[in-house]
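As a starting point, one isolated chain is supplied in structure tokens, in the form predicted alone.
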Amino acid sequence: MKLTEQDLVIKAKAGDYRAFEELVYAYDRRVLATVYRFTGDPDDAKDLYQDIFIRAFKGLKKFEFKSSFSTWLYRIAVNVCLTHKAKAGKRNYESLDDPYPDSEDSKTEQYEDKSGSLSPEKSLLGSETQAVVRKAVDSLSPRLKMVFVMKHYDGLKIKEIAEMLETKEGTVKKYLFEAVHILRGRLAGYLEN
């Protein structure tokens, strides 16, 4: 019989390492993909990923079920990412490879021709477009970028994002509006071509 998430959290709080391991397994790929999208650097993403789950393990005893475990975990991820960005200053990384091929933004099905292989022209156009968009998203302030990534890449609802950021839904909507407005401005010249 498979345990519920709540049962796993209760067992993990009591010191059951296997229960915590199952919780990690349930969320590790999503957390890693989110952190990678935020940092743009695979090494930083792996370091932050480890930090997130270490903090979750250490803080699990204080988890009070006021929110779902996933919301609590993402709140930790958001805080770790924002702290990292503040410490790192304005340095930006651009990755030439996507080390997490299962993430949503790395799928290239729309560029496949009828034979199932990628057209070189479409593949190049897709990777160029992806690089331009990624650079524009990376130029957002850390908070705007985090909200944009959580909404448009991770597919989270505004209510979930508000819970994770411990803010109001209206604030999340404002951040999303600002992010989209900024991105439209930065991508306007590229999109006209």
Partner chain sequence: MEHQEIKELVLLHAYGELDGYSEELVKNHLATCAGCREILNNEMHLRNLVNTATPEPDEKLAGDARLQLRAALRIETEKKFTPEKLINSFREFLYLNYRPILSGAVMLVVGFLLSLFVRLNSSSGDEQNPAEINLSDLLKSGMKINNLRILASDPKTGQMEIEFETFRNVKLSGSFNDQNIQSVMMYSILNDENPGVRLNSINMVDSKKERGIDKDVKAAVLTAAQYDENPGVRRSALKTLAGLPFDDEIKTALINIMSYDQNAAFRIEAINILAESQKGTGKIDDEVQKALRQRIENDDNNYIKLKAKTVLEERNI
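Residue numbers count along the first chain shown, from 1. Here, rigid core means the biggest group of C-alpha atoms that superpose within 1.5 Å across both forms. Everything quoted here is computed from the prediction, not taken from an experiment.
Here the subject shifts to the form predicted together with its partner chain, a form of this protein not shown in this document.
The shortest heavy atom separation between residue 66 and its partner chain in the predicted complex exceeds 4.5 Å. Proximity of residue 143 to its partner chain in the predicted complex falls outside the 4.5 Å heavy atom cutoff. Mapping the unseen interface onto this chain, residue 24 counts among the residues with a heavy atom inside 4.5 Å of its partner chain in the predicted complex. In the predicted complex, its partner chain stays beyond 4.5 Å of every heavy atom belonging to residue 165. Interface residues of 49 to 68, taken as those with a heavy atom within 4.5 Å of its partner chain in the predicted complex (partner not displayed): 49, 50, 53, 54, 57, 58, in sequence order. Superposition of the core reveals a Cα shift of 2 Å or more for residue 18 between this form and the one not shown.
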